[in-house]
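Quick heads-up: the structure tokens below are two forms of one chain, split into structure 1 and structure 2.
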Structure 1
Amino acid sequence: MLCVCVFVIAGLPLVTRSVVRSFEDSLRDRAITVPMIVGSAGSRFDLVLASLHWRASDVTPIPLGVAEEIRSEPGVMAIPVHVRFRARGIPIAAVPYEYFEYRLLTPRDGRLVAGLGEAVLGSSAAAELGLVPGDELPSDQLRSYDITAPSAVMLRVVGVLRETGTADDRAVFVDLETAWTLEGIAHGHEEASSITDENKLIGRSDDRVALSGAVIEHQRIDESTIGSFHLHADRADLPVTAILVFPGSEKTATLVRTRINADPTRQALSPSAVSEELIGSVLRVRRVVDAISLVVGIAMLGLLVLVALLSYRARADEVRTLLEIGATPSQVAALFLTEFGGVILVGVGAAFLAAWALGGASDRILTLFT
């Protein structure tokens, strides 16, 4: 009980500061790698956490055509990302090949995504799911009881990435076409011209076949079905969560930011500025926790002193015996100090161990609490 008391006294402030420091480092390290993020007007925190830390949320999508508008500026690189779905609880991040090149993400096993329905796992995601290249991974449905929602898609794992120590370790990467398939915008089914079942047809003419809802869409994308997948939208109108923008100069960045912010439905923001604002909110919470820790610490120290005095009184006969057999008062005091010193050492050691363990799990903590 005394060890637990010491652990609480030392552990609460140590763990809080270690977690907050790791939280700050994780936010800052990811934010400084992307100069600008473009997305729909709304929560800037959700937009940054979704596009940098793969926090799946209901961020209003932005048309893919905006990325082409941004690329029209000389010297600008724009990488669209789509983050809305999960696979067994792990966020699915749909990115183009340029993202792997920019982040220097390379496969530890297998290869990178090369086509529709393929997935490459971050190192932590692969360990958590227990999957290797060649396995299959079903996507999670957003609304399990909604029969109008797109059905789950079976993803083919083709690779596992090397560990990076970032949010990329706990993500399932697919291409953008796969994300649009999960949205239901792209789908595959049996060849319309070969359908003869009248229940699956609404109408037929010389140049067009109208299919009914009775046609079952393919949930598994393989060599026999991939050719039937197609989009039902103009590519410029397809949704993405955000666009990571890398302008070639400050002047170009200003032009892009001004053009985007002129549209009230869009926003261009600096991830570093948003991250610092979020860190400020966390630090205010930490100060409250520090104040609570101080009050709890004073109460616990009072308890320890009380237990020490009561222990000395309860062991009065033992102390008297030690003195009678030749122990000096300083030796008796050293005995008590050694006992309580061991208790304090164990409690403080456990507190430092907890702070170290939780501080090393900053990205997982960020995923759980943001």
Structure 2
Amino acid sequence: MLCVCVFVIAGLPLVTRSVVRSFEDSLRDRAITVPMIVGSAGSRFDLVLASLHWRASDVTPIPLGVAEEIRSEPGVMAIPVHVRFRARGIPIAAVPYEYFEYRLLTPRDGRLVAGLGEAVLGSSAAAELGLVPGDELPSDQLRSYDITAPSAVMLRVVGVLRETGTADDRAVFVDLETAWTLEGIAHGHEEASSITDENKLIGRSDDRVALSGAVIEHQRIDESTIGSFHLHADRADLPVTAILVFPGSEKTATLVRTRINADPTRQALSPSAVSEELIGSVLRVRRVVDAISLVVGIAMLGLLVLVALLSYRARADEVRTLLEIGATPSQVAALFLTEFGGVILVGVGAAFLAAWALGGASDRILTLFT
């Protein structure tokens, strides 16, 4: 019981500090890897959490063409990412192949995405979903009762990534084209020129075929249907949540930032600066928790001293015995202190361990709260 008291006294502030520090580290580590994020004007936090921590949200998308514009600056790398959908609750991160290269994400099992409808799972996502390469994973329907909304697509799991200890562990990775299929912008259906059913065919001319809404789109992308999938928009107009930008120099960064911020509907921001803002908010919460911990700690320490004194009095016979068999008073005191110290040591040790363990699992905690 005493151990638990000590554990609580020491554990509360230690765990808070450890989790907050890990949270900070996680935010900072992730933020410093990307010098700039470009997205739609709006919440900075949402944009950073969506594009760096895969928090699926309704951030207004920007056209993919912006990435091409940015890439036209010499020495600039731009990686568009799209995170809007989920599969059994896990965020679907639509990324180009360059993302895997940049983050050094390699498969532990299976392989990386090589086609439409394929998915590679982060290690935690694979464990949570209990899936292995060869399994199928349906995407979650955005709006279950909206019959005009694009239907769910069955994703084929082709690989599981090695653990990285980052948000990438709890994500389902697909390519951008697959995300656009989920959006309904890309789809597959039977060959228009071969349709003869009057219900499906509105009209036909030498170079035009008009199809009606009765044409049913494929929901499963496989060998037999993949050839019919096509995009229904200019590639430059396709939506992405954000673009991770890696300018080659400070000058290029300034050029890109100026150009993007000149458009009031877009923003170019520094993930580090936004993360520091987020951390600032968390630190304020930590100070409150620290103050509460201090009060609780003082009360608990008082109780501990009381318990120690009562315990000494209750064990007067034991002290007498020890003295009679030849122990000196200092030895008796040392014996009691060792015993009491042991309890404190175990409690404090457990508190440190808890702080260390929960600190190590902060990425998982981060995904729970963001």
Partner chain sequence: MDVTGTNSVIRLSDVAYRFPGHDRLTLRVPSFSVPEGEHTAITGPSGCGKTTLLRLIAGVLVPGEGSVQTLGTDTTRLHHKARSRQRLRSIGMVFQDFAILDYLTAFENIMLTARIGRADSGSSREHARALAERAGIGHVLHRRPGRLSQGERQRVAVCRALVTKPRLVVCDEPTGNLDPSRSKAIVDLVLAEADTLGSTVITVTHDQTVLDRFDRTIDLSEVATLKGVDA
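We call the rigid core whatever largest set of C-alpha positions still superposes within 1.5 Å between the two forms. Because the structure is predicted, anything quoted here is derived from the model rather than measured. When a residue number appears, read it as a position in the sequence of structure 1, where counting begins at 1.
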| item | value |
| --- | --- |
| Form selected (criterion: the form predicted in complex with its partner chain) | 2 |
| Exercise: are Cys3 and Ala179 on one rigid part between the two structures | no |
| Whole-degree angle by which the smaller rigid part turns once the larger is superposed between the two structures | 14 |
| Rigid-core-superposed Cα shift at Leu301 between the two structures, Å | 4.6 |
| Displacement in Å of the C-alpha of Ala10 between the two structures, rigid core kept as reference | 3.0 |
